[in-house]
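Next comes just one chain, in structure tokens: the form predicted alone.
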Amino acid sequence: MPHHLEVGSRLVVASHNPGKAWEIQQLIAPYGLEAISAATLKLAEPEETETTFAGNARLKAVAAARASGMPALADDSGLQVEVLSGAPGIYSARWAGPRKDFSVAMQRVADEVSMRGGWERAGPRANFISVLCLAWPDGDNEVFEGKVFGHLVWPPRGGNGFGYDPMFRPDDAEQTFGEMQPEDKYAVSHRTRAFAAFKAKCLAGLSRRKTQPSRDEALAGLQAAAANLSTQSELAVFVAKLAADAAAHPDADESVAPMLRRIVAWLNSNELDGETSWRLVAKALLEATKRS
């Protein structure tokens, strides 16, 4: 009997990356699907031993589906730089080191490009790739691929998104993924394109509904952002979102939003030590603005 998804189906997002899990959650929620992350279920992360994006996506999805007894959706994605012969490729996350600090990864990309003389005026050609795999507990699976092409910029620009977003400018756009508002990035992103292929095959019978993010979902987005911060500009955008959230909820202490806006102004007007742990600061601010 063929597998199929229906409204109310629960999907495991086979990722321990909060930003990636949150982004996939935003894609599937309008179709009445409920997502739960592998981290929430405390599933082990399998070692990514495959040599392709499709292979690693399949490995993660099948492992999560078998361990949870539920269908699982995994993503393997990365940055491919033409002058670097496709690197960092499947090692995109590993270039960020054990602390997943993408300011380190972006600097490494810039250094590698410089050594090859690749910083021409337009910036080196690059693309993001995303491969989604939907797997079932019996091992059945299918993969869906999406790519977006563009150029790299240096230094990085913008505090939105995560990963290599601040140094990637898609074709026919003036802004980097890090400068774009989330809805503008999602309209053209590699993950959205892979999801479009997934939707055509697996969600054809489900109608898309307009949904307003709940308070819990909004906080989950902030928590995902806090876990993926790498730069001062990203911290400034994060604090601005905290200020907007505080101002939008009348139960908040009225002094919180103005305080956070002053912090944004300070961040945007000062050169701070790049060794500061921006993620730790963001998480502390998030905790400080929680309401009992």
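Heads up: residue numbers just count along the shown sequence, starting at 1. Everything quoted here is computed from the prediction, not taken from an experiment.
Beyond what is shown, the protein has a form predicted in complex with a small molecule; the following relates to that form.
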F198: touches the small molecule in the predicted complex, heavy atom cutoff 4.5 angstroms: no
Is there a heavy atom of G78 lying 4.5 Å or less from a heavy atom of the small molecule in the predicted complex? yes
Contact of G163 with the small molecule in the predicted complex (heavy atom, 4.5 Å): yes
Would you classify E50 as touching the small molecule in the predicted complex, given a 4.5 Å non-hydrogen atom cut-off? no
Which single stretch, out of 164 to 172, 118 to 126, 150 to 158, 132 to 140, brings residue heavy atoms within 4.5 Å of the small molecule in the predicted complex? 164 to 172
